[in-house]
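Next up is one chain by itself, shown in structure tokens, the form predicted on its own.
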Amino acid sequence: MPESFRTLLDKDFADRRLIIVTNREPYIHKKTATGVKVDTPAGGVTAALDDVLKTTGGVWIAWGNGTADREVVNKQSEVEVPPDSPSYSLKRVWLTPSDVDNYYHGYSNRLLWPLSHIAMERVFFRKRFWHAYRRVNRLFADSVLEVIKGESDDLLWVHDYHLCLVPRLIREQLPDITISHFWHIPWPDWSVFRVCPQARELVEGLLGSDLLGFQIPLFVRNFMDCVRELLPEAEIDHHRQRIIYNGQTTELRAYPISIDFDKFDKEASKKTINRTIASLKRQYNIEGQFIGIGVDRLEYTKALIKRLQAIELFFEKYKRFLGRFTFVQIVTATRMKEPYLSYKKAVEDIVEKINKKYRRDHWKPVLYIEKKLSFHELVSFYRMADVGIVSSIYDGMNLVAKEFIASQVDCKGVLILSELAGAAEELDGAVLINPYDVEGFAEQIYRALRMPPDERRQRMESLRALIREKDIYRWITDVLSDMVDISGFKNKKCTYLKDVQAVLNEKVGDRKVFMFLDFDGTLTPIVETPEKAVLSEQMRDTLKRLSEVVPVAVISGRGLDDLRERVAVDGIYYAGNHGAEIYDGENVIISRETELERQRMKELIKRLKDSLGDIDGVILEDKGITTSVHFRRVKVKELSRLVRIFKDIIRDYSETFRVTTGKKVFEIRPLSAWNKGEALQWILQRYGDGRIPIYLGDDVTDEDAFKVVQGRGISIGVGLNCRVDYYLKDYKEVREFLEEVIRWLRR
């Protein structure tokens, strides 16, 4: 468990409980001939969340479906787990066979699953499915309410498409509780989601959450589009990815899920792994072969038939690989009802057809393994493979791709990945395919097998570095950190600035004020490109009248000349480049900067232009002392490459420059240059005359100023920000606030 992860748990969960709600349970009690046995379902997410609750304590609520589950619980349907060293409670929800058939196999897996994966021909709906879905969601919500009992410090984390209605059901009873929901599968666009008969009810249920997580940014945008169509009364902030509906604010975030990298890496590095690989190759008669690997549930969204069609075409086109390449398809059957039974039969038929067509002596082209492998055996197959194939027609993420990468300690394998899988957004270094383009798919298999060793290693080393950094614990840390921040805000650490006059009377009284204002996102709305930001005439007029009654300073990340030109109000102070250059009405004061820093900045800008020039939408803004790299208009698929290139380059300048991340922008400035807080301090000391500072800002780059103001003035976040004294909703409310300040000062 990473140290940063443990620090989060120790610091923020010492005096609060985490409650996790999932359809499946982390421990299953089963009756056997020798007594009760406890199984732990395979799955990195389940194991990682189990680690969280082992550390923090808390409660896990899930459907109890083990044959001995009822025998081991207490009157509250709870049992302490893990069995060998109990540290948290597992509370079970009991479902009837009819519930399971209609809620799980019916609504969840015959409507929501194919709909979300855009498999429209497989969507099937019955009213009884929906009635059972509502009933079961109510059962889960009631179980949560039995556990929480009004304790608002608890954090509730609900998982996946089975439990869409739970957040709203809980919110109606406990309005102050902090709730997050993570949607593991894709969220389709509106043209698809509108097919759902209960589209509005599902969206309303999810909007009971404070935090709603998806796998990739595309799914966040799709969800916002659906809300716009279904709930015209909802307030949608596309920039901040926030929705306000029925007085409830829901933050939307993309959290690409991952795996326990160290677990796979360590297993693949064991000394015994080579013996296991040799044994498996002998057992399955694949010695001396190029090996491809696919590991999948027997599930139509994994596009196994398309994959096998591509394998067949590969052997037809590239006959030199007959007898030299074996594709190993490992499958597990988890849903043995229609349409999965028919799909299983279709997969087996095409495997038999390919093997019958191309089989030679003791060699067959497709090795089909349908059994549960041990973890050690699975990792052995991953490591021995020359090619790993993931060909989903649509996927939220697909963790098999990441498991294959983590097991490739030799860095000799190539990952072939569907461009329609969520993982394709992150895994720059994989060979991307369109699973519907069977011929192109076959050609990429040939390309992967013929790829030079140096290129294979370079690609795999890059992929492994990414997964090592962004593992399952990083994913959980990101989600929990945001939940803690939201909880802090909800617990009144930050207050909506509603009665301005009352706050000024209480906090300022008869003392004098100095007003400090950010520009982008505070005085103007956030726009696609920096040059489009325009100060309205109404806001300019307000600033002019404000400057007549109180000193005003505008502090921005923009260059000083650009800032002065856009604001165009005389008699106020300006600080550009995040405070590195200041105009006091007569002189320009430039903070500490050396000749070496100037030269290094020129060198850095040239490298960034050369390396990022082929990525559409990147805007490199040279502001003299500082530089901004804007990527608001960069396509989602290019973001991971942009970030990787940027980090690789900036690493060489870590002793010269600091980098802060704003809203779709990297801000680069010399380590010696002033930040917004230092600029505020300098202006206040020279021109403040004992005045109380009031600072308004909307971004992480304003936090240095917020810290300076803390305890001596008033900090105001534009948008929800729990690190400030008060907040306003948007730049429109900023003008209303300033007008209130003017009226108060004139009185």
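One rule holds for the numbers: they count along the sequence shown, beginning at 1. Only a predicted model underlies this, so the values are computations on that prediction, with no experimental measurement involved.
Keep in mind the form predicted in complex with a small molecule is missing from the figure; the text below concerns it.
Colleague: Can you work out whether residue 100 and the small molecule are in contact in the predicted bound form, taking contact to mean some heavy atom pair no more than 4.5 Å apart?
Modeller: No, no contact at 4.5 Å.
Colleague: In the predicted bound form, does residue 398 come within 4.5 Å of the small molecule, counting heavy atoms only?
Modeller: The answer is yes: residue 398 has a heavy atom within 4.5 Å of the small molecule.
Colleague: Is residue 36 close enough to touch the small molecule in the predicted bound form, meaning at least one heavy atom pair within 4.5 Å?
Modeller: Output for residue 36 is no: heavy atoms all beyond 4.5 Å of the small molecule.
Colleague: Just checking whether residue 297 would be counted as a contact of the small molecule in the predicted bound form - the rule being heavy atoms within 4.5 angstroms.
Modeller: Output for residue 297 is yes: heavy atoms within 4.5 Å of the small molecule.
Colleague: From the list 184, 253, 470, 240, which entry has a heavy atom within 4.5 Å of the small molecule in the predicted bound form?
Modeller: The residue from 184, 253, 470, 240 that makes the contact is 184.
Colleague: Exactly one of 147, 650, 330, 484 has a non-hydrogen atom within 4.5 Å of the small molecule in the predicted bound form; which residue is it?
Modeller: Flagged contact: 330.
Colleague: Using a 4.5 Å heavy atom cut-off, which stretch among 411-419, 350-358, 367-375, 167-175 contacts the small molecule in the predicted bound form?
Modeller: Looking at the partner contacts, the answer comes out as 367-375.
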